[in-house]
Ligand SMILES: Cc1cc2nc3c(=O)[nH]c(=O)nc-3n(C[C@H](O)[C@H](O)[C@H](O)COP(=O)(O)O)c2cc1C
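Next comes just one chain, in structure tokens: the form predicted on its own.
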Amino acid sequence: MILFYSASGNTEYVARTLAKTLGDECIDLLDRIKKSDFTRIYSKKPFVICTPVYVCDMPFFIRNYIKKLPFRGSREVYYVFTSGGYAGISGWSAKKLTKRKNMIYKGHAELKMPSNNIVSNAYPDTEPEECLKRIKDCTAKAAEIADTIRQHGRLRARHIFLFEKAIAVPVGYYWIRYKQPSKDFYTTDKCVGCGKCSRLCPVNNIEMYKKRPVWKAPCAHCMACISNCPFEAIEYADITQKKIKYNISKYTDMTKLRKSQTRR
């Protein structure tokens, strides 16, 4: 059973590629997270949880959701993380979380995908050629990951050092609490009030008022709103106007992948 959350399509692409290769089911956790739906999930096959990495760790809303989600059937859990290049302490967090649930941690993989964090000048845009290269590389790595899972092997990634944990835990807490404001998001005249941004917000931070989105708090800075706006009508302060609004659908046919995925 492949479970995933994805904001700009990177993690969904990996999850559905794994599901297609393994002939397994694939569940998008977005609606479950938004509705606090903790209906148990059953699978005879190992669980594979695919998530992006925010602030060097698993997104807080995914961690909180997985903590409460009842798993039935298989006790084996794999994790696959997508990031712009550094997965931080995600593997360590995943291992702790799995042990708390009295399940068997089967390791994790870290995949480098195009960066989508365009609301900060600290992260440069990923050039189109580099985007294509990263997606191609991850497609090949997904096949290797699937082979390991099929054989019930263990995924092995780099060692997570103690100093990374010592830095990432307090910095992550501070960053999530104080450095992810939503007040700087706004819409331009291109906005038609379709409400897609509100439907895609995993923390229910966006409300529609007079056919325009209004951002509240807390914000996860997941980029789902700005990356998926069909009219590219969402901006952030004066940072994003000249930046490419990344979404994986600009580089690969996600609709085709969803339809071709084997469902059971």
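A residue's number is simply how far along the shown sequence it sits, counting from 1. Bear in mind the structure is a predicted one, so any value in this text is a computation, not a measurement.
Below, we refer to the form predicted together with the named molecule, which is not included among the displayed structures.
Legend entry - Which of 231-239, 30-38, 49-57, 208-216 sits within 4.5 Å of the named molecule in the predicted complex, heavy atom basis: It is 49-57 that comes within 4.5 Å of the partner.
Legend entry - Contact test, all of G85, Q180 and M223, partner the named molecule in the predicted complex, heavy atom 4.5 Å: Yes, each of G85, Q180 and M223 comes within 4.5 Å of the named molecule in the predicted complex.
Legend entry - Partner-contacting position among V80, I149, M113, A94 - heavy atom within 4.5 Å of the named molecule in the predicted complex: Only one option qualifies, and that one is M113.
Inset, instruction - Please run the contact check for A7 against the named molecule in the predicted complex: heavy atoms, 4.5 angstroms, yes or no? - result: Although the named molecule is absent here, A7 would touch it in the predicted complex, with heavy atoms inside 4.5 Å.
Inset, instruction - Consider Y173 of the chain shown here, and say whether it contacts the named molecule in the predicted complex, taking contact as heavy atoms within 4.5 Å. - result: Taking the distances in the predicted complex, the answer for Y173 is no, it never comes within 4.5 Å of the named molecule.
Legend entry - Close approach of Y186 to the named molecule in the predicted complex, 4.5 Å, heavy atom: No.
Legend entry - Partner proximity in the predicted complex: T98 to the named molecule, non-hydrogen atom cutoff 4.5 Å: Contact with the named molecule, no.
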